[in-house]
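Next comes just one chain, in structure tokens: the form predicted on its own.
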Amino acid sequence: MTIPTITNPSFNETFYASLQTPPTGERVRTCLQCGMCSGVCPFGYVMDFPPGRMIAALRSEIFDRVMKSDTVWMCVACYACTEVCPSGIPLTEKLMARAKEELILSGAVPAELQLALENSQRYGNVLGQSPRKRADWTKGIQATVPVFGKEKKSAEVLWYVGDYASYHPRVQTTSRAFAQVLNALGVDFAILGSDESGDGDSQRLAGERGLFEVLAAKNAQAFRKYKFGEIITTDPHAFNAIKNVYPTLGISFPVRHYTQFLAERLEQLKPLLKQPVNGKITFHDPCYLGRANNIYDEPRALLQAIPGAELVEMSHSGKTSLCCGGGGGGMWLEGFQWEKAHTRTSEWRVREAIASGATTLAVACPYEPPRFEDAVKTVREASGMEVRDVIELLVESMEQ
């Protein structure tokens, strides 16, 4: 690759200034150049400018070189760099997302990602499905799933379902299971159906801040139409957006991930868990549940409550968990990333699950069942490994 020698200090300073928005953005100038961020980045070894080197380019006023490289798209926004930064620089939220935004503005967007962004803008979901079909997954199931605006005007809980949980055939299985759990617990809930739009968090961290704000505004309008006590979601990306980013736009609602919601009701749930689910289970910490929001104990408490289940840990767990590769647009860059790295982080994770002695890889994010099940098919030694959402394991223990 030929790197130009022409520099643009004015652009360099403009980019620097854009990073220093509060809170914590000003810390970008405190980089120690220790290299920890680049070392922990799962794809840092194939990036021309991993985070540390990107900041060095800013300081040297040669940031134009960063914008000539397409390897910034290897960032999966896993928060690993942010987690280890001794200066507390918000590398994921500020630096990497802002660099992607500049690439989008210049038109340097991989085709796979461009399609996902266009679908989000046109249909309100990345899968390009009709909004009218958003609640079709509820058809033909025994569990009752009320829809705001149709069956109910108010409820204790608004269940924000999300794109993949609404439309992806594999993840719809998890949605149906969660509906069964909510019914069994007697929770007063409802979903938004066609009023719901994608949460936009992955689009934001892929550099499309404007699109994120449009989707957030649509969801805010839907939230305000109905009366409810709190929002729960099975999607850590939606949880992160509604909890941490929507409030910066003046959109504030109490929200919890389903593992928090169910862990609080564990004493009510335990008597329902009658069937043993025998075997060793290992849990994959989703980046947006763990590193981004410090939620580690609740999903494990749910798994430990299942009779017959033995929880084992992978070599990377908790704050050091490996990313599935789906965040920050990675879910929509499979082909691009394969061409660069010839490997997938989801395959690394499946190998770790096998090494732990587990026969079941438990997850708690809608991106993960399809990603890990694809990885199981490509990792030779993974034959027999099951990928199950924690909800699905709970339902298996509940059924008689």
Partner chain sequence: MGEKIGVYVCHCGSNIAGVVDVAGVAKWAEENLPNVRVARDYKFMCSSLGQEMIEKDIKDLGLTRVVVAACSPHLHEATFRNACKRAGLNPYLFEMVSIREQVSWVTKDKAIATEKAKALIAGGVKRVVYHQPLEPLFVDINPNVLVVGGGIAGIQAALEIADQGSHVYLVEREPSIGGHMAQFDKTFPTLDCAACILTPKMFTAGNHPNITLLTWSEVEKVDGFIGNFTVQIRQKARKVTAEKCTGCGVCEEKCPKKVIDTVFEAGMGTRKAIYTPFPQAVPKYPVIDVENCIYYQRGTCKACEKFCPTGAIDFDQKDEMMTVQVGNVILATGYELFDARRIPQYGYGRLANVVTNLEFERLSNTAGPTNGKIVLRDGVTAPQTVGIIHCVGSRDIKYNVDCSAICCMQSLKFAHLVKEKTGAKVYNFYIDIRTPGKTYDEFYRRILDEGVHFVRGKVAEVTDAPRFPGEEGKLIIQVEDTLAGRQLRVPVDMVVLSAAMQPRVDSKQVGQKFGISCSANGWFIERHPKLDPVATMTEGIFIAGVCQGPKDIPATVSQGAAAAARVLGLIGRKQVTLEPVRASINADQCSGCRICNNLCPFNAITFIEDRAVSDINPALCQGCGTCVSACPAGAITGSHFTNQQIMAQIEGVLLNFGNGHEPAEKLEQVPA
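Here the structure is a predicted model, which means the values were calculated and not measured. Numbering follows the first chain given and starts at 1.
As for the form predicted in complex with its partner chain, it is not shown, yet the points below apply to it.
Scanning 84, 217, 141, 266 against its partner chain in the model of the complex with a 4.5 Å heavy atom cut-off leaves one residue, 84. None of 103-111, 121-129, 148-156, 317-325 except one has non-hydrogen atoms within 4.5 angstroms of its partner chain in the model of the complex; the exception is 317-325. Contact check for 184, 187 and 190: none of the three has a heavy atom within 4.5 Å of its partner chain in the model of the complex. A residue is said to contact a partner when one of its heavy atoms sits within 4.5 Å of a partner heavy atom; residue 66 fails this definition for its partner chain in the model of the complex, lying far away.
Although the partner is absent here, residue 33 sits close enough that one of its heavy atoms falls within 4.5 Å of its partner chain in the model of the complex.
With a 4.5 Å cutoff on heavy atoms, residue 62 does not count as touching its partner chain in the model of the complex; it lies far away.
Residue contact check for residue 360: none of its heavy atoms lie within 4.5 Å of its partner chain in the model of the complex. Residues 44, 45, 50, 53 are the ones in 44-58 with at least one heavy atom within 4.5 Å of its partner chain in the model of the complex, listed in sequence order.
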